[in-house]
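Single chain ahead, by itself, as structure tokens, in the form predicted alone.
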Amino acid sequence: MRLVSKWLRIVGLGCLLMGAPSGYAADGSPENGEEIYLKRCVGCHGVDGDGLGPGAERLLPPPRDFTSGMFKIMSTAFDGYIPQDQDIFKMIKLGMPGTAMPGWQDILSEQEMWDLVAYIKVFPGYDEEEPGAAVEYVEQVPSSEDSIAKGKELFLEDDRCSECHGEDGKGNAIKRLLGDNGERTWPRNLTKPWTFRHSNNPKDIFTRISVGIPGTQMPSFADPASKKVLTPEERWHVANYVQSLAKTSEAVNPENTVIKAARVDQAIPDDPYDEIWTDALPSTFFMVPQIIAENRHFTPSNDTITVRSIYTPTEIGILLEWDDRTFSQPGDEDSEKIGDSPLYEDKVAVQLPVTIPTGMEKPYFVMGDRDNAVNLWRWRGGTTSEPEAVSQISATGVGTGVELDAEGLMGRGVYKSGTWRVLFKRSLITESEDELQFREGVFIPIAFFAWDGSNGESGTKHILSTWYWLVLESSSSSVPFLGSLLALILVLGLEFLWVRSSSLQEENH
């Protein structure tokens, strides 16, 4: 076998010299790869490549166990088990979004990444074996309304894909999913392409549909033994439909740090799905696990929150929207089956300073600090025996919360197709010194907390955001702009008259 392997390396090098694409592990040095691995990879994957590095227990999904020989993201046909060398290279180069696996292309050279490929293949004994045939893509079906419609029909047919990914593709499964090692796995939220382990390019989606994801409950739909098998053309239709699900309007724009609350004339309705919210400008922010105070949280299931806000002369409404794969209601039989035990309620909170800062200093973003108190509006989804409820606290640090009267605060939540919408309403001005008093035209710090009860999140185990800004746009904010515009028009008009007068004078002479 070693002679064959050596011959294959020579052939691979010959192909490279003849113009074949670069990127064969045969070009990599396992010896050099070992040095790089021991420096860069052991923290997660372990010295022996078994996925038991010191940081492994705090990662979800867990690091890959290379010794098992099971690679989740590969382009080898469904009946093969060895990934293509290019598959491993791409994972090293680009990383895997939604996991702790980073991309190394800015740190390692291309040669070093190929050295790593060669070394990683040693762990499962693939260094002397060749992968099976790659996926056959046949002729790609271009995306079109007709193709997307056919893909949706196939997606929903007999719960082929919706059983795990939900009817709208948000990953709200109707059953609890586990990996082959017993770890909790979450179905992909197909409306968030930035979380795809590879990409949402139709070809990559076609590959996942064809190969499946080994080690998970994502099957191959190219397997003729499957009752839900799809032809290559049907797989292209499904791939086009999945790509069409991307909610690009709710992608995070790092440059957008301001929630702009528009002033409206009508009363703010209590319904989180009222049409008035379709005209409210959305702002989407990343949420991260709380790892500062006990109990720390390292394995979140949600990652973003979308915020809209409107106000009237007397009250403000803040609408929070986030995708949650599970409806967490303690006491509900279906929720208990899907969620972790113990099951907690889904919750969300808006954090505001008690006093609007006059300078750049803001309260500490985790529950404020001794010198800068914060005001939190908290909503919880309820149980089968208790309805949803809203509360309000004032805090000057973790564990210092003091319950406030929440009579003037309204909170209502609706869970629909894998998405929570929670609406908070409150008067702009109150009589309490422990509550924020809203003012037009000023930048007010605002932050968010959220809890997924099915993921064991309760107390300080939650996700949160940093501070962003909320501004109530003044109805008179356009006056300075219009004044400047009129002044500019006047100046341009005078200049035009001056030029025209000068021209006439020259003609007369």
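In this text, all values refer to a predicted model and were calculated from it rather than measured experimentally. Numbers for residues come from their place in the sequence shown, where the first is 1.
Beyond the structure shown, there is the form predicted in complex with a small molecule, which is absent from this document and is the topic of what follows.
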*4.5 angstroms heavy atom contact with the small molecule in the predicted bound form for T185*: yes
*Decide whether K72 counts as a contact residue for the small molecule in the predicted bound form under a heavy atom distance cut-off of 4.5 Å.*
yes
*Does the small molecule get within 4.5 angstroms of any non-hydrogen atom of S301 in the predicted bound form?*
no
*asked:* Can you tell me whether F327 touches the small molecule? I mean in the predicted bound form, with a 4.5 angstroms heavy atom cut-off.
replied: no
*Verify the flagged residues R40, I88 and S199 against the small molecule in the predicted bound form: is each one within 4.5 Å by a non-hydrogen atom?*
yes
*Check each of R160, R380, R308, H297 and return the one that places a heavy atom within 4.5 angstroms of the small molecule in the predicted bound form.*
R160
*asked:* Exactly one residue in I205, M367, L423, A261 has a non-hydrogen atom within 4.5 Å of the small molecule in the predicted bound form; which is it?
replied: I205
*Pick the stretch from 386 to 394, 185 to 193, 122 to 130, 332 to 340 whose residues have a heavy atom within 4.5 Å of the small molecule in the predicted bound form.*
185 to 193
